[in-house]
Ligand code: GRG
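Quick setup: one chain, the form predicted alone, written in structure tokens, and binding and motion questions come after.
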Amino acid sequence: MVNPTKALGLPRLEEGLQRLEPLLKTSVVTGDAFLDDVTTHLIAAGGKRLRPLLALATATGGARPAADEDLLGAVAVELVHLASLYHDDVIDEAKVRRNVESVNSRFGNLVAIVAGDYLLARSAAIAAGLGTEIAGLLADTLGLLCQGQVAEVRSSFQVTRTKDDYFTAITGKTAALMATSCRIGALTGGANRDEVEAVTKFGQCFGMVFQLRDDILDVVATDAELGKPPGQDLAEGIYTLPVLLALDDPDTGPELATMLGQPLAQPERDKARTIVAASPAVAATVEIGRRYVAEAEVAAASISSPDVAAGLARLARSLLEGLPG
């Protein structure tokens, strides 16, 4: 994936992101030195800021400076994302996130969970200040995130996990927040209802492609590319679409099935990754991603601004660039 700001190609977005960073940090600072260290840990580590970028792009089109409401909407969605990372890393017992020590590893699981809850509380407070529609939207999105996570955890270590189960999980845990990021931007930007629905549909499809890409990279990428150890999903029993398709393949499925269904040590994890990466499953997953990209392009084409429509379509296509197949 290329730099998302460059992929969008919209003026003034970089300026909006620069204004976002200090606001993001101050939104979680409490005055308690220890808690502030915890709540700003991943903010300081950086990141693509993809969800705020979507919110700012759909709010302003890059054609005007971001208003206070636009920036606050972008902060609200990023805080939800950060909170989900705090919680995910506890579940996964992760040690590294964004090339720095994970919050749970540095501060402990209990602190990571409570700090993640605090980020969600701050997001909710900011959303409440933006009006009842946005507050309700964010609350509904939190519910979808939880449903998606439960669906994923429920099927852990199950080699019989279905592709429908997988898509149900990622619709909730990833695509919902991408869609909400786009929708909140359109709402704070004063878009008409047709436009709001168009960008929401784009965000939903974009989120599906984003997760498919992430799941491919977990199989084929390096530590440096991911910012965390690859193969973590395999080791933790989260069998993503490339793994499920490799299990269905008559050539790779039987051997892979004998390895899965249990936690994997590093040698077994590496071997399982190699089997999946060498199978047709990765190319098949990329092809499914292309279908969602096509849907995202159709949704983007309904947006009234040609620059925004073209930028969003370009961003969606960039997700699959450089992937095998």
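For every residue, the number given is its place in the sequence shown, counted from 1. Keep in mind the model is a prediction, meaning the values are calculated, not measured.
The next section is about a form of this same protein that is not shown, the form predicted in complex with the named molecule.
Student: The named molecule isn't shown here, but in the model of the complex, which of 241-249, 125-133, 81-89, 190-198 has heavy atoms within 4.5 Å of it?
Tutor: Comparing against the named molecule in the model of the complex, the contact stretch is 81-89.
Student: Quick check on this chain: which one of 263, 47, 65, 280 has a heavy atom within 4.5 Å of the named molecule in the model of the complex?
Tutor: That would be 47.
Student: Considering non-hydrogen atoms and a 4.5 Å limit, which listed residue (235, 151, 72, 145) is close to the named molecule in the model of the complex?
Tutor: Selected residue: 145.
Student: Would residue 107 show up as a contact with the named molecule in the model of the complex if we use heavy atoms at 4.5 Å?
Tutor: No.
Student: Should residue 102 be classed as touching the named molecule in the model of the complex when contacts are defined as heavy atoms within 4.5 Å?
Tutor: Residue 102 lies outside the contact set for the named molecule.
Student: With a cut-off of 4.5 Å between heavy atoms, is residue 218 one of the residues that contacts the named molecule in the model of the complex?
Tutor: Residue-level check for residue 218: no, no contact with the named molecule.
Student: Is residue 159 a contact residue for the named molecule in the model of the complex, using a 4.5 Å heavy atom cut-off?
Tutor: Taking the distances in the model of the complex, the answer for residue 159 is no, it never comes within 4.5 Å of the named molecule.
Student: Can you name the residues of 200-221 that have a heavy atom within 4.5 Å of the named molecule in the model of the complex?
Tutor: Residues within 4.5 Å: 210, 211, 214.
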